[in-house]
Structures are given as structure tokens and as C-alpha cells.
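In C-alpha cells, one chain follows: the form predicted alone.
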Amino acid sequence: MLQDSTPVTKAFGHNPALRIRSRLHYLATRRSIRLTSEGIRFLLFTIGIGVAAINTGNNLFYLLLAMMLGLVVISGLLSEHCVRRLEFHRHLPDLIMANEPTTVTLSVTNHNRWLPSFSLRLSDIVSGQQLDRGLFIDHLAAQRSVLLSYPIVATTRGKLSLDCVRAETLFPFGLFLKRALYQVPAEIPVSPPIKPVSLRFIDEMVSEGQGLSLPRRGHGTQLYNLRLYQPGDDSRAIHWMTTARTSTLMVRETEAEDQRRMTIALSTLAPDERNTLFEHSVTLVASLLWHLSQRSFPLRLIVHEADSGLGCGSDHLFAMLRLLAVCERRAPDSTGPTVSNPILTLGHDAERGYTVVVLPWSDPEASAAVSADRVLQAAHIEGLTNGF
């Protein structure tokens, strides 16, 4: 968010030279103006009228020259007014997915006290390039706001940076194209795309993880525990036989029917020549998490030293996808992967449930020492991501 009326002279005290220099620098970096083809023809015609007025001394030519020069001045002033005192806010999603169109909302406020702005065309500035989003405002009244929506598509995983918004206008006569640049920085994490994964592979993981399920409270039919009644408990959960025997209100808790926990660990160690395989590994992990989340399994993601914790539901899935969105490949160092890669030191833990380790790259000795229920190495990853 940036408002064009931000004071730029407070830091310079009462020195007029510094204030003027600061203002000129501000206008030079935030403002630009160029003649249109119509403006060039109009100025050439104005010069011709001026030459004719001087050569002939005809008062009518002088009046016409004065009128045309006045139109040039008025055009510059009105176009400057249209792009001044604007304020922008972007409304962005918390997470977007690569290659999936997402709607972004842009709020534009005109802080001019009396006069409206006309014929505004808005563009995004991303990495120094101007991207036309097709946003146009015919009329924006003073002290009013308008909401504009447009789609964006991120083609790669990571962070999408939106730097500035450029407002430009041809108002009123189309002689000048006046531009103003507003700093509206924003970053959106871009998760890897979700790709179809072999159902046979997923079913194998699910079936192998059945033996690691743990009894937990949840919705089900089997008795998990009996405890004392507490205010707010459902009266239908009272265990009347135990209550009658002990003369104390007791409540039964049921055991969740399916508590197969799954942990997926992704190693970020890979040399430069394995960068494509690493990106395919990230996409594979995201796809596995999405498919398993559809089956309501408690999931946990470990990416190098980042740990999402165990959870389920859409919010937890988005948190895991955000970890995958910002993870970066690390080149192996001279200390060797066994020391520098914490994924390789994972031990068996009942709380983790069924553990899958994804290794885009690792030396044979280190990969053989991984303690996991299933280890996916380069050959396995290439087979599963062949269609990505």
C-alpha cells in the first residue's frame, strides 16, 4: 500500500534545495509521461500555427495558438490529477497452486477531495516487467473505492512476488500517456501442482500401515475408555451399567475406527544435475499428501528440519503444502549426507505411524541406513513421476 500524498520533505527540515531535489527525484522515479501519436501530430500542428502567426501577424492565428497551447497545459494537468492520490490494496489467497488460475482482488481508492479520476488503466509490475491484467476504470469518484478482480497463474513452485501497480491514463484528450508507479509489494507461496498418483502404490502404503494403527479416541463403535461425567458431556454417552454399579455418573469414550498415521519425509539434498528430479519429488510428495488427506488419514510432513506436526483436515493439508512451496534444494557438502541431512537419522516411532522417506539423491551407504518403512530413491521416484 502506498499513498501518493506521502510527505517526502519531513526528513529535510526547512532546506528548500533539499526539498526540491527530493521532490524531483520522487517524481522522476514514480512518474513518467510520453507523447502519443495524436499528441505528436497536435504539437506539430501547433508549431505550424505558431510559425504562421509570427510570419503573418494575424491575430486569429495568435488566438488559435494560445488555445492550442492551453489545451496542452490542461491535458498535462488533468492527466497528472487522474493518477495522483490513489491508494491500492491487494487481497491475496494464503496459498495458490502452480498452473492453477487464482483470482486476485485489487482495491483502488481515490483520495482526492473533490475531483474524480478518469480512464485509468492498471497493470502489475513483476520482476521489472509490466503485465497487463485488462483492468480499466472509466470513472472513480472522489473519496470512493472500487474492487477489481483478475486471474493470475503461477507456472512454478516457490514464491510469487508482486512488486508494484502502475496506473496510466490518456485523459482528457489523448495527447499524453501519463503513468504513476505505486509500491504494493506482496508475496504468495505457490505450492507444487497435484498430479495423479498410482492408486496401486497408495493402496500398498495404506495396507502396509494397517499394522501400525494406534487406538485413539474418536468416532466409532468400540469402547475405548470410561471416565467421570463432566458438565457439557452428551447424556447419550453415559454408561448406565457402570453408573449403577458405582453410583457415579460415568461416560464411555469410543475408539476411532481408523487411526493409521502416516509420515512423509522429504530430503532436500540434491546436486544441480538432480534439480528436475528434486522438483518431481516435491510434486510427488504434495500429490501423496493430497490423496491420503482425501482418505482422512492423520498425516505428518518433514522437510529437512521443518516439521508440520501430525494432523488432518484441509487446514493441515494447506500447512503442509506451504512447507513444500518454500522448501529449497540444497547442494551436498563435503561433510557427506549422513551428517548434513537430518532425514537420514529418523528412527522408528510409533507416533509417526507408517513412514515414507523420499530421497532424490543420497549415497548408497547413507540410504541403506535410513530407518523407515519405505524409502523412495531416484529410480522409484522416476517411475512414479513418469507422467508429471
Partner chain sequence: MVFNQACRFSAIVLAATAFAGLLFARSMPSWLAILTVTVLVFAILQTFGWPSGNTVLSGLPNAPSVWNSLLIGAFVLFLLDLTMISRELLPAGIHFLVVLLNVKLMTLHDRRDYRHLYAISLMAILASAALTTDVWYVSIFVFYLLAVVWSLLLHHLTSGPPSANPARAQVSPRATWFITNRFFWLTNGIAVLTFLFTLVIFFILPRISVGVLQKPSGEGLRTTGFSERVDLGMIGSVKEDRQIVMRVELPDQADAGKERFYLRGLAYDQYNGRSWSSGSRHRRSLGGIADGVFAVRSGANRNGYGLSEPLRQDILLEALDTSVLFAAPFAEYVSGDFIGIHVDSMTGLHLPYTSSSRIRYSVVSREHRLSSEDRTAAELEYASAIRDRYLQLPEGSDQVRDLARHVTVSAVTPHERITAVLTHLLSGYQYSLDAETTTSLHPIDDFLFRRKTGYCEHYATAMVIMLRTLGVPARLVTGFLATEWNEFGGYYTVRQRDAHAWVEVFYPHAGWITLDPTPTAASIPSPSMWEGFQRLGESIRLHWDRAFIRYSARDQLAVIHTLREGSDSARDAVSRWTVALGAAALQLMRTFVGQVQTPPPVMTWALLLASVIALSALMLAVRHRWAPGHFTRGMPVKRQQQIVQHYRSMLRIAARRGIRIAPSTTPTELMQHVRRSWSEAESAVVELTALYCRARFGNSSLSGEELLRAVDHIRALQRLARASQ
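As the structure is a computational prediction, the values presented were derived from the model and not from experiment. Residue numbers count along the first chain shown, from 1.
Note that the form predicted in complex with the partner chain isn't included here; everything after this is about it.
Heavy atoms within 4.5 Å of the partner chain in the predicted complex are found in exactly one of 154 to 162, 199 to 207, 265 to 273, 113 to 121, that being 113 to 121. Of the residues given (L226, I74, A306, V126), I74 alone sits with a heavy atom within 4.5 Å of the partner chain in the predicted complex. When contacts are defined as a non-hydrogen atom within 4.5 Å, none of P185, H280 and V375 contacts the partner chain in the predicted complex.
For the chain shown alone, R41 is a contact residue for the partner chain in the predicted complex, at least one non-hydrogen atom being within 4.5 angstroms. Interface membership of I49, defined by any non-hydrogen atom within 4.5 Å of the partner chain in the predicted complex, is confirmed.
By the criterion of a heavy atom within 4.5 Å, R144 is counted among the residues contacting the partner chain in the predicted complex. Mapping the unseen interface onto this chain, L170 counts among the residues with a heavy atom inside 4.5 Å of the partner chain in the predicted complex.
Contacts with the partner chain in the predicted complex, taken as any heavy atom within 4.5 Å, map within 43 to 65 to F45, I49, I54, N55, T56, N58, N59, L60, F61, Y62, L63, L64, L65.
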